[in-house]
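Single chain ahead, written as C-alpha cells, the form predicted on its own.
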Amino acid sequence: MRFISKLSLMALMLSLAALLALPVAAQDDEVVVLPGDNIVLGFAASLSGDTAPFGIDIQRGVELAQEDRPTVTVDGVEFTVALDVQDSMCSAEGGQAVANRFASDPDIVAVIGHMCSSACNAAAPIYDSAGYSMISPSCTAPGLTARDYTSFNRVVPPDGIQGVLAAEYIFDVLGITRIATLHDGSDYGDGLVAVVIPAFEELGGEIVASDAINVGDTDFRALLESFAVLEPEMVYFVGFPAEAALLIQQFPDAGLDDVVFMGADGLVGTEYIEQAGSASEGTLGSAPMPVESDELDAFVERYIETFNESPPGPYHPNGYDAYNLYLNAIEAVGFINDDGDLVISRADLSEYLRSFTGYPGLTGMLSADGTGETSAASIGFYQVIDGRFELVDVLSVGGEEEDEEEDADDADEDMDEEDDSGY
C-alpha cells in the first residue's frame, strides 16, 4: 500500500482548489426542451442590500414582460418561459457566484442581467467560457463592450454617452466651471468619472479635486473639508444611495452649503431621497431615459397599478426589452426536431443578439452593432424638488437639448425616482 507524503497531499489539494476556481467549462451548445417542459431564462440583479430597490424594479419589468408574453411558439409548437431568479448583490463576488451557478446548469438558455458593472465584469468571462449569452438592462461601464466578450449585450446606453453629456450639462447648461469628482471605487463609479473628467476639461472646465471613498464608510467630513478649501462649484459623485445620502448630509459641516451636489443613475431613485431626507433637496442626477411613447406611458401606468408604487429605479423598461429580445431570438433560431423537442443553439442565439435590427422596444428602436451595444437613448437630467426627482432637461448625442417642462409630469410618474445602477 502506498502512502502519500504531506507535501504531495498539499500539492494535490492546491491543484484541486485551482481547478475549482476556474470558470465553468463550456456546455453543450444546444439546449433541448421537451414538450411540456419550460424554457428557462436566468435572471440576475441585486435583490438585497442598499441597491435592492433597483434590482426589484428591473425584475418587475421582466415579470410584466413575462405576463404579456408567457410563451414562445416555434414551428407551431408552444413552450412556456420560466425565470430562474438569483441575487448577484451588485458585486464582483455575487456576479461570479451567480454566473457559475447559471453556467453549470444546462437547462438555462441565457441570462437577463446582471445589474451592476462590477457584477457584469465578473460574470462575462464565465458566460463566455460556457457559451451563454447575457443581456444587461443596466450595466453601463464602457469597457464591457470593448473587451471582446462574446456573451455580453446590453439594452442601456454606456457611460461613454452619459459621462460626456453630463459634462456638457454641467458646463454648458449650468454654467459651472469648477468641480470636484468623487466615486465609490466600483467599476461603475470609477468608469463614469473617468469619462466625465476629460470631457469636462475639454470643454474648458477645471477639476479641482478627484478622489474615491470606501463603500460602508460613514464619516466623509475630512474629505469634504479638503474639497471646500479648493472652492468647487459642484461635487460630482458616482455611487449609490447610502454613501450619497451621508455625503450630502455632511456638506454643511464641511462648509459646502452652497455647493451643488450631482450624481448619476446610481442616485436617481427613491432610496436616496428616503435616506437623505430634506438634505436631498436640489440634488441633481442623470440617467439614461427611454424614448417617450404612448406604449411607455401605458406601461408605467400599469406598473404603478400592479405594484402600488411608482418605479424606484429607471431600468424597468430595459428589463422588459431584454426579456422580449430573448423570446424573439428563440423564435428566430429555435427549431423542432424529429422527436418534437425544441432545440436552441446558444451560438445561434448569440449571433442573433449581435445582429438584429429594428426592434421597437419600450426604450426605443433597438439595433445591435455587433459589439453588444443595442441602445442610443437620450440622457435625462433630474433634480430633487419637493422631495422627488423631477425631469428638468434632456440631452442627446450631438449636443441637442430638449425642453422637457411640458413632459415633466409624465416623466416624474415614470422616474418617481430613478436610479442606477448602471451602475
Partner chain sequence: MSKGSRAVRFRGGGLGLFIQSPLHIVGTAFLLFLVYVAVSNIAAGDYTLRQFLQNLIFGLAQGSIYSLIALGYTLVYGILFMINFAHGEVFTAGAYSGFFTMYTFAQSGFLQENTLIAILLTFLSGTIASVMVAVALERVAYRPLRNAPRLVPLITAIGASITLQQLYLRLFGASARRFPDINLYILPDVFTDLECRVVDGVEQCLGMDIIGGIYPVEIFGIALRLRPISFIVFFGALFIMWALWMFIQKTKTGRAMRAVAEDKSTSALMGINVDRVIVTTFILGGALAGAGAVLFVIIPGNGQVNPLMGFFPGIKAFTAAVIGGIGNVPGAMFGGLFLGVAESVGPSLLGISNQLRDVISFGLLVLVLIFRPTGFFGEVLSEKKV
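Numbering follows the first chain given and starts at 1. Predicted, not measured: the structure shown is a model, and the values here were computed from it.
Not on display, but discussed next: the form predicted in complex with its partner chain.
For the options 202, 217, 297, 172, the residue carrying a heavy atom within 4.5 angstroms of its partner chain in the predicted complex is 217.
This chain appears without its partner; in the predicted complex, the one residue of 325, 349, 276, 262 with a heavy atom within 4.5 Å of its partner chain is 276. Although its partner chain is omitted here, in the predicted complex all of 229, 246 and 257 have a heavy atom within 4.5 Å of it. Across the options 44 to 52, 64 to 72, 31 to 39, 367 to 375, residues that bring heavy atoms within 4.5 Å of its partner chain in the predicted complex belong to 44 to 52. Using a 4.5 Å cutoff between non-hydrogen atoms, residue 221 counts as a contact of its partner chain in the predicted complex.
In the predicted complex, none of the heavy atoms of residue 86 sits within 4.5 Å of a heavy atom of its partner chain.
With a 4.5 Å cutoff on heavy atoms, residue 198 does not count as touching its partner chain in the predicted complex; it lies far away.
At the 4.5 Å threshold, heavy atoms of residue 96 stay clear of its partner chain in the predicted complex, well away from it.
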